[in-house]
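Okay, here we've got a single chain as structure tokens, the form predicted on its own, with questions on binding and movement later.
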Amino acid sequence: MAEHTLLTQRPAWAALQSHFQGLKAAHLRDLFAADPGRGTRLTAEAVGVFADYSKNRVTDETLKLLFALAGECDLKGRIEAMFGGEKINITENRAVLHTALRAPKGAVVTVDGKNVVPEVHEVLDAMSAFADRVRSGAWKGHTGKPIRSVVNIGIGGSDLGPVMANEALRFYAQRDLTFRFLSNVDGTDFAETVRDLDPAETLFIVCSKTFTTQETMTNAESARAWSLATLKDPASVAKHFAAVSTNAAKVKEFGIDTANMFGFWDWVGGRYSMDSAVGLATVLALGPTHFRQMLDGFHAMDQHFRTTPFEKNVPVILGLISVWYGSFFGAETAAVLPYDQYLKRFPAYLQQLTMESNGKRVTLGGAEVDYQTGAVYWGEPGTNGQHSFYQLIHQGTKLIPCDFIAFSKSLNPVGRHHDLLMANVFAQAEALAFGKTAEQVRADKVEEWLVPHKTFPGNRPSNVLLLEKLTPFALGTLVALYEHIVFTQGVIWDIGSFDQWGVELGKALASRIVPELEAATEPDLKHDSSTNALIRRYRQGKK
């Protein structure tokens, strides 16, 4: 492949390094004092997402240099390459077109000379028709009862996206249907998922593109055995299982009617697939109309990212600022703090999206990087986190940039709850930025020995993302926003954001170890001494 200019050899990188030396000691108190308009100027808006990024340790010059770096890294060209269907996933020789999953009918998105949009909408229409039948009760189980419980069986991108979306949009869900998500190969997950369900009223969605994913198919086989223990007739499988897969032969062999198999494509990565057939459980929960509203939100953010100048482009701005903290300040984590209980699984979803994408140590050209790449993403809903880990963010020794996500209107207005919730959003961002000086503490008549303990250094950066209300459209915009932040980071760092070879080694070794654990006689173990000893101890403990 073509030669890559090393990031650290780019002129804009050198300029940023020099700029960083002069700015790293600057305090947000001073930046705000010197620039009264900062709080309104350093903001941007994209399709209903208002981003206040003024509480970051950046100046106009920082942003100018970051935009210059984006230009030198050809971010604009890389955006067009992705949207245009070029095979930017170079290690797997694949296009990266999750954006095509939410393209409207009539759009043209070409892969290998073929417009894929008609196929996308064909699958969406099939999902919608299937969901309408199940939701209305027209779909009957083997004994003639309607479906009352839906269990999605998947792992990784086939689980985290649907789990998050169904939790986030529960307000809009059909409440006479129960939805559960089974992912862990730990038998406890299976046992607790089905413990109180009726096989005659339960529909399983087996979500595996190849229909060979070890954890998913182990759970699927157990689900089939559990179902047949009550329903007896093997033909019942076709009434109680659907598949999200492209392997028709294995789906049919399992007993699923291939008319109830919903496919997706090699150009859809697992962690980018919640708006594909992988979202079948979400369509069943929300109904086709709400699901398509979510897709509209995705598409609106896609268009903003693709067409808006970088200076007003929310994913680009937030992506570049995160590069600034990771690669210059050495920040190793980033906290995402949604102030909405429905978004309690959003940080977990982002963990796969961000860390599986940008947890890379070599460039696209294969050279080992000499700068920080992907951060560790984590978080919990507010206000719960304030009584847990905020202490470390406020007064600890680590720099942890924070994203606060909040909504002006509550879906469940109860008394003054929402005003209290929002007061905490604004207060936490303010406290992180400005802290409390020793002089301010002394003014409270605190004993001198307590002053250091009650001083807050501040200068802790954050973004505030403010939306009107958590709707399906709004969720789509938020997920797409972070997808494009990840892409922006990956382009700057010159890494491949769309493969995940690091997942493969452990899976391969586990496949080798399974027969050694299950062997009737002592196997010939050829691992390291630690692994050999652990296998022997486990085998002994099983007896």
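Residue indices: 1-based, along the sequence shown. Because the structure is predicted, anything quoted here is derived from the model rather than measured.
Form predicted in complex with a small molecule: not shown, discussed below.
Undergrad: Among the candidate stretches 132-140, 269-277, 100-108, 185-193, which one is within 4.5 Å of the small molecule in the predicted complex when only heavy atoms are counted?
TA: Stretch with heavy atoms near the partner: 269-277.
Undergrad: Does any part of residue 62 reach within 4.5 Å of the small molecule in the predicted complex? Heavy atoms only, please.
TA: Outside the cut-off, so no.
Undergrad: Residue 210 versus the small molecule, in the predicted complex: is there a non-hydrogen atom within 4.5 Å?
TA: Residue-level check for residue 210: yes, a contact with the small molecule.
Undergrad: Does any heavy atom of residue 351 come within 4.5 Å of a heavy atom of the small molecule in the predicted complex?
TA: Judged by the heavy-atom cut-off of 4.5 Å, residue 351 is well away from the small molecule in the predicted complex.
Undergrad: My question is simply whether residue 507 lines the interface with the small molecule in the predicted complex - judged by any non-hydrogen atom within 4.5 Å.
TA: Yes, residue 507 lies within 4.5 Å of the small molecule in the predicted complex.
Undergrad: Which of these residues, 401, 374, 157, 347, gets a heavy atom within 4.5 Å of the small molecule in the predicted complex?
TA: Filtering the options by heavy-atom distance leaves 157.
Undergrad: Just one of 517, 33, 503, 26 has a heavy atom within 4.5 angstroms of the small molecule in the predicted complex, so which one?
TA: Among 517, 33, 503, 26, a heavy atom within 4.5 Å of the small molecule in the predicted complex occurs only for 503.
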